[in-house]
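We begin with a single chain expressed as structure tokens, specifically the form predicted on its own.
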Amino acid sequence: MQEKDKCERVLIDGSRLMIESMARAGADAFIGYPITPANLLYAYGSQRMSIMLPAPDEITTLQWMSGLSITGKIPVTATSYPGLALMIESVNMAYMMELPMVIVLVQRLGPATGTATCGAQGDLLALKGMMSGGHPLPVLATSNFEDCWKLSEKAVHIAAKLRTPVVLLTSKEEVMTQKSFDLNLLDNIKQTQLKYFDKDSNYKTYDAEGLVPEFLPVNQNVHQVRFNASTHDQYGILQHSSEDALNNTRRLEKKINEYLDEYTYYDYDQQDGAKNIVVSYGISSAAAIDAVSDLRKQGIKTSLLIPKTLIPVTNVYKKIINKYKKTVIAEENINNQFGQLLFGVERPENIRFVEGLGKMITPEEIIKEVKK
């Protein structure tokens, strides 16, 4: 980017920042089926990526992404929950085959087709339960334009390093709203590379000696490569329930959890002497920032936590929250989905919830709950 002491203001939206960031980070294909409110990502992806395939539906989208991934590409798509619902079987397939890819999920009001032009934060628990077996899929959530840039890069890096699909969770307002923004606030992007197998020994597609097997594309002519979406051993050979195959399935979850510290991202604005903390993510964090600022002006000491890595759930968040007498979680749904990830269905009495359905949460609503 440009020198930091200069200002380069443009009118831009989060969609363009995401696509540009992922392209610079190493994503080289966009596959998609247009759906509101993810259409700008589809449009920019078709302009920026070296490969763009307009799929006839979302099932085909994930199948084509998987096909590109086994040739060494890092594909990207963007959708909303109705599209993701059709993709779930193929996401499980890509997870089992250990194929790197990024899925940008732009949340909108559900259930079903819901309201295509109304934002929401209602997909988190669906993502938590998306994988058969309950295995975690990395989920990052953007909360501002800087995140659209930084976390898009991180999503590509995680996908490549861990050989896994990654979900970048966002919302209608973040990807469609244009605003004046200084491009010099953006850091340079580091391009990622898949770790390729380069030894003389026999190649095992799913070598259990490391948590993340080294990669070889199917379109090379040196080693045999077997990708398998069913339970399989290290060579990718179909197995029913052998020890080798079951250990391989255990490794799929272990690799995601073992590297969690490396991709745990959050903002923590701690105020000395505060007994209250406000927790929010995604689009609702803007209201949380304003609420905390106003509370401090009123002499009510309050800290702020904005989680950006949502799945797997890191213990760091609970350690921070447990320091405070009162916690207010704000998210745009009616069932406190992030709170459920942290505490289960029965929240502790000192955990309060500010909800939103069909509307964005206001700073005033958060302030009111903190003062109760």
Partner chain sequence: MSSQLLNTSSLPYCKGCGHDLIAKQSMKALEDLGFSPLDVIMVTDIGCHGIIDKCLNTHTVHGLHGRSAALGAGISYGLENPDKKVVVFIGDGGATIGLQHIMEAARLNLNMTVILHNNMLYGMTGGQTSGLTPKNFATTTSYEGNPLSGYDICALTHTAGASYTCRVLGIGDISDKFSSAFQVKGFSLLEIVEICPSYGVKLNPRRKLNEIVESSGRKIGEWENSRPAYKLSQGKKTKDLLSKVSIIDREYTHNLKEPISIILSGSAGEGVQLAAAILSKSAIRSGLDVTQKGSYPVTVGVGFSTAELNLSPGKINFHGINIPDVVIITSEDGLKHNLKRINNMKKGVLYIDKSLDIPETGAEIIQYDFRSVGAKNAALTSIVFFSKKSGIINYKSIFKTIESESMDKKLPVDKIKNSIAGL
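Numbering follows the first chain given and starts at 1. What you see is a predicted model; the values in this text were computed from it and never measured.
Beyond the structure shown, there is the form predicted in complex with its partner chain, which is absent from this document and is the topic of what follows.
With respect to its partner chain in the predicted complex, the three residues Asp57, Thr60 and Asp290 uniformly fall within 4.5 angstroms at the level of their nearest heavy atom.
Scanning Thr249, Gln271, Gln220, Thr264 against its partner chain in the predicted complex with a 4.5 Å heavy atom cut-off leaves one residue, Gln220. Site annotation in the predicted complex: the residue of Ala229, Ile300, Ala85, Leu260 reaching within 4.5 Å of its partner chain with a heavy atom is Ala229. Partner proximity in the predicted complex, defined as non-hydrogen atoms within 4.5 angstroms of its partner chain, places exactly one of 161 to 169, 122 to 130, 179 to 187, 240 to 248 at the interface: 179 to 187. In the predicted complex, its partner chain sits within 4.5 Å of a heavy atom belonging to Gln224.
Residue contact check for Lys73: one or more of its heavy atoms lie within 4.5 Å of its partner chain in the predicted complex. At the 4.5 Å threshold, heavy atoms of Leu304 stay clear of its partner chain in the predicted complex, well away from it. Mapping the unseen interface onto this chain, Ala25 falls outside it, with no heavy atom inside 4.5 Å of its partner chain in the predicted complex. Taking its partner chain as it sits in the predicted complex, the stretch 261 to 286 comes within 4.5 angstroms of it through a non-hydrogen atom at Ile283, Ala286.
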